[in-house]
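Quick heads-up: it's one chain on its own, the form predicted alone, in structure tokens.
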């Protein structure tokens, strides 16, 4: 099948214009990618609806959808469906594409069906338990996204969460096996950048998910089944946050993969530096996990010194993000200048802002910069006390996961979906407007959330009361912030519907004789030959990461279990 010439290389690296589509070259792998995208977008639609209802309910604009008690069921569903299900399935989809396309190596059909099936069954079980909370029956899971003791969910929820994570582990095995087959035939070559990024991310994921796996399988599941009478709430909380912050990088590193490898092409140019990209992913492998105690600054039972270590490690994590900002912006500038852009900032006008895949990724990166600054506030021990458990925290979360990751995933779908379906994008005008609509909605909502957090407005509350409290010393008033959150949430839901409309129209459209996009990526300006070979030895970096985790977590975990694995104990508290 011939393609239209999407990319005009200008730096002497010839790119063939006639090639088969990804779906034609790798039909089974494209099928697996489509399955993952279908589940991801289904979760995105339902979770987004829950989010709209939450925004209208807690702001008091309209409380007729659910009771305030059921608000927490929707809050749990919103968090789990968007932060775990949507992200995990999208990531396994795009990672499968990235490995296959960059290695020219097919995945194992049997193994890929196994890990997708495991994740899908886990999602159905967890979703069934969450929705069960609306029926008033014995099955419920109103434990929020942060599921640790003493609040207890149905065992069905914990089993589903465990299967979702185990399935993602098996997916990683599938990708590592594909890499091993490729390595046997290419013993002296550097790991292709996309595969390097996938394998690095999975190493971080394996290390960081050990905590939540132990929490669920060893403690929460037998606890909810009545097999053990009590668990230590601080221990389960610590095991959750051991995973709870690195999971953010499991969402962001795929976005970085897009920004490093695809965004330069969409800009019209080439990646500025392959070596810098590899350094960034290695830094994430070794620094992402020993940081979780910064979510527990106000928890007793953890020595201040270990909280300080977590704060220091978190601040070090700014380095890979700053390197990314430099490299990605430099790549975009190179592309803009290839397109005729000039001047110190005038080159920005030459970028393809009418291409939704580009504009969505660029806007996501821009908003991630703001999320990084609010993240520095969260990481600081003293300043964290001011905003802990306030609306500031979800405001930050919506900038990072809700925009940097989610908007990037939606935007790159406009580029990826034609390649795995063989159909050109439909409703292009809607697609072109959608990233800007999301950006406006998120600007309004997250801005108001951050300001409300500074004013002390709590998070996780169905009906926050302000009758006897005035916040005159804060810019604007509570009523204005609540209205802004409601308007922002509504605009975000409209943007979500626009995205799903484009996806559905494309998915069920006619197969195209020629595609307007292709998977080929231009070579970087500075290639892997300019970086040390040791960067590709992932075993070394995994070992360093494990040593850092042992230093950061070993002594405090020992102090928690020294008086007994289940002591001080708490019985399950159903919600």
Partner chain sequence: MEIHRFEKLWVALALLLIVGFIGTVTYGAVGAGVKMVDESGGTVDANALNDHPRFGEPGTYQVGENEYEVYVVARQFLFEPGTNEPIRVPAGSTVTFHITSSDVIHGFEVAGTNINTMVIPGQVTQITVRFEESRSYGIICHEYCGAAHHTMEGQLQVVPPSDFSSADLQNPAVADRDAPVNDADTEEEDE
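Quantities reported herein were computed from a predicted structural model and do not represent experimental measurements. Positions refer to the first chain, counted from 1.
If you look for the form predicted together with the partner chain, you will not find it shown, but the lines that follow are about it.
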Quick one: of 311, 491, 82, 367, which gets a non-hydrogen atom within 4.5 angstroms of the partner chain in the model of the complex? 311
Heavy atom within 4.5 Å of the partner chain in the model of the complex, from candidates 430, 348, 279, 170, belongs to 279
Based on heavy atom distances of at most 4.5 Å to the partner chain in the model of the complex, which listed stretch, 195-203, 378-386, 247-255, 352-360, is the contact stretch? 378-386
Would all three of 185, 419 and 552 be in contact with the partner chain in the model of the complex, where contact means some heavy atom lies within 4.5 Å? no
Evaluate residue 461 for contact with the partner chain in the model of the complex, applying a 4.5 angstroms cut-off between non-hydrogen atoms, and reply yes or no. yes
Answer with yes or no whether residue 142 is in contact with the partner chain in the model of the complex, where contact means some heavy atom within 4.5 Å. yes
Although the partner isn't part of this model, could you tell me whether residue 304 comes within 4.5 Å of the partner chain in the model of the complex, counting any heavy atom of the residue? yes
Even though the partner chain is not shown here, does residue 149 get within 4.5 Å of it in the model of the complex, heavy atoms only? yes
Going by heavy atoms, what in 55-73 lies within 4.5 angstroms of the partner chain in the model of the complex? 68, 69, 72
